[in-house]
Each structure stands twice: as C-alpha cells, then as structure tokens.
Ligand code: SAH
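Next up is one chain by itself, shown in structure tokens, the form predicted on its own.
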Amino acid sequence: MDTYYLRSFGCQMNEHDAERIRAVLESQGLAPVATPDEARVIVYNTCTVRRSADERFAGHIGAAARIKRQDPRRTIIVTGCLPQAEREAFFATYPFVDAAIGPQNLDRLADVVSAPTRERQGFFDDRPLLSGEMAGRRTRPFQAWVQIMTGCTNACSYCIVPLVRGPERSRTVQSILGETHALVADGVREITLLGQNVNAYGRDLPRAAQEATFPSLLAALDGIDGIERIRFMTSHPRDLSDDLIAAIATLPSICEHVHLPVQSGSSAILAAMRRSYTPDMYLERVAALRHGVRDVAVTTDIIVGFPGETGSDFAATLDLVRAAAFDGAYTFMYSARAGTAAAEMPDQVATEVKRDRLQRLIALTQQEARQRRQRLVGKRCNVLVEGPSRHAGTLRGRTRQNVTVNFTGTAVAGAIVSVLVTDATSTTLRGHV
C-alpha cells in the first residue's frame, strides 16, 4: 500500500505548499489515491486564519481517526498553519496524529514518511525555509504558483499569519527567475506570484540585493519569453506604489487585476485593526489604479463584526464598497484567533449581528460585481482555456482580469482564445469562441 491521500485547505499559498507536499510524497515512492481509506499515508494541509477553516478541517480529520483505529499501521500527518499555531498542544486534541509539521518545516516530511518507527513527532521551528525552493508537483500543466516571499511583519491586530508563517522572507531574484524559466520549459503560460504582502518583496534581502523591488521583479519576469500572463497576490494598500501601477500598465504580461484587501470602511476600525491607512487613502489608491491601468479589475477582502464595530462603522464599510465599485469581494465574519491582539479586545460583536451584517454586505458586493460584469456583455475577452466546465458541452477559462468564463466552441486547454461575452452574473461570464 505505497499510497497517499492529500487534502489541502485554505489560501493559494497552501495550494502552492500542497504541490510541494505532493512532490515529497511521490519522491518517496507513494502514489496518490482519491480517498483516505485507500491510503497508507494520509496528509491534511491546514489553514487557521479563520475559525471556518478549523471547522472544515475538523469535519475531515474524523475519517483519519477512524482509519487509524481500524489499522494503526496507517500514518496520519497534519501540516500547515493549524499545528504551527497550536504546536505541541495540537497532539492533545488529535492524539492519533503521527506527525505535525509547520509551514517552515515541510522538508521534514520526507523523514517522517520514510521513518521505520512511528513515534509522534512535531516540527514547529521558525526556520528560514521557503517552500518555493522545494520541488513541486503541479496539477495544472499550463499554470503555476510561484512563491516570491512568505511571512508578514505588519502585525494587524486580528491576523495570525505572522505567528504561523513568521516574518517577511523574500527569495532572491535569481531563484525566482530560475524557477520561472524551468516552468516555461515545462509548458507553463501563466504564473501567479504569491506572498502575504507581495508589495513588500525584497525589503528583507541583503543590502547588495536591495534594488530588488516588486516592480523591478515584475519587469524581469516580463522579459522571459513564453510567459503570457503574470498574476500576483496579495497587495497591501499602504504599499501599492505608483511604480507598481506603472508596471501593471506598461508590462505586457502583467494581468490587469489587483487584489487589494480593505477589511473595513471605518477609520476607527481600520486603526484598531492596525491597517496603517484610512478609507480615503484606500480609495485614492483604487482611483490611481483605475486611472493608470486600462480595464483593471479590483477585488478585495472585507471583515464584518470586528470588536467594537458599531452600526455607523458598518455603514461606512457599505459606503466604501459603493465608492470603490469592486469587481469582486471575499467577505468574512470576524473570528477571534488566539494569540492576536484583537482576541483580547472588549466589545466583541454578537454572532447574530455579524451574520446580519455579512448578509447585507454580500448582497451589496454581489450587486456591484454584477454591474461591473454586465458592462462586458457584447465585448470580446481573451480567455486562457483551463478545460471543461461543470456544465455539459462548455469549456472554462479566465480573462486577464481573473474572471471565470464558461463558453462554447472548440479550443484546447492551455490555448488563449477570443470569447464573445453573451451573459454575465456577479461572479462569471458566459459566451462563445
């Protein structure tokens, strides 16, 4: 039974790390299977940024507990941010887990899998390992994640990322370019650059390399033959520079999409969140993007129910959403994370209030996004074909603005085709080649 089952939860960085986990497991001679019951090694790659991520993991780990009871020879491994946050206490909650590995220790996975004994092991050292330096096993032949940095030093009061991913660490330009050249040689046409705050890229590098800024990295990547599209996430509004806006506007391969989390439209709440900007500053950056980059799409993250949020604070968030006219938004109810400053703040908002505000916010963001999408009906978009859609007889792909398109016609995966848009919803477009 040289088989493994891998389930990954959470953000794009976790998807990237899952590719590295997959490569390690397969280098040890294990083959993937579709269900945990079939696997000798079961791996869950976890997220803990929000309580909902913990709950999704809890809904799946029960299967591993059952399998371990039935056959103690199975190996259960949990990786990612949840065990990093809880460290040794993690084993008290999940005593059947054989090994827990934090994000900076993914290279220890091979030792765990190949170990002749199954003593419980935890690896939570704050090491300078960037998983992007490890080999990956991609699932999409024409698209790839490229980690340019990891960690964060912004210390937002609600966010656990600095605790579980560590401080900002950047890869060298040479390393990133080398990986990208190899991806192009392997048939990749689109890359997505990943970092908790890509705008801060290069600040932690040695003085000799400090000319490496994010805009200069984009320019170097744009010069690689064979890369059709370059995406990136996530950007911090405070660090969205005019140089970056100019790079998006002028470099042909850089896609016209910026994910720019605002989190709240209230000055008081943003200050309590330690976000280092005001609503007016944020809207000025959005205006600069829209002025400087033709057809740019701006998406965002918004949290409702942060401690102390009043009805007036929430109304200010709705006002900002109307002013920004986002192309899309990820919306969340605030959930306290142990070890963060916000978890200890007074005036925690009741769940039913948060739930009501979330529903109102979703309705508004969907309305704004639908209006933005409707403007594309009757126009042609260049779409990178990803494969069949969930709807019979149709294909699926994405525009440069990162909008999903379901369309009819003949095209092969990996091709870029022109699609005439015939209909739109708040999240997708429909059309034909």
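From 1 onward, residues are counted along the sequence shown. Computed from a predicted structure; not experimentally measured.
This next part talks about the form predicted in complex with this ligand, which is not shown.
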Inset, instruction - May I ask whether Ile248, Thr299 and Gln401 all come within 4.5 angstroms of this ligand in the predicted bound form, judged by heavy atoms? - result: no
Inset, instruction - Consider the chain as shown here, without its partner, and state which of Thr192, Thr213, Gln121, Gln196 has a heavy atom within 4.5 Å of this ligand in the predicted bound form. - result: Gln196
Legend entry - Interface residue in the predicted bound form among Ile176, Ile77, Ala329, Ile303, criterion: non-hydrogen atom within 4.5 angstroms of this ligand: Ile303
Legend entry - Any non-hydrogen atom of Ser253 within 4.5 angstroms of this ligand in the predicted bound form: no
Legend entry - Heavy atom of Arg337 within 4.5 Å of this ligand in the predicted bound form: yes
Legend entry - Heavy atom of Met333 within 4.5 Å of this ligand in the predicted bound form: yes
Legend entry - 4.5 angstroms heavy atom contact with this ligand in the predicted bound form for Arg275: yes
Inset, instruction - Considering this ligand in the predicted bound form, find the one stretch among 58 to 66, 372 to 380, 27 to 35, 43 to 51 with heavy atoms no farther than 4.5 Å from it. - result: 43 to 51
Legend entry - this ligand in the predicted bound form - contacting residues of 220 to 236, heavy atom within 4.5 Å: Thr234
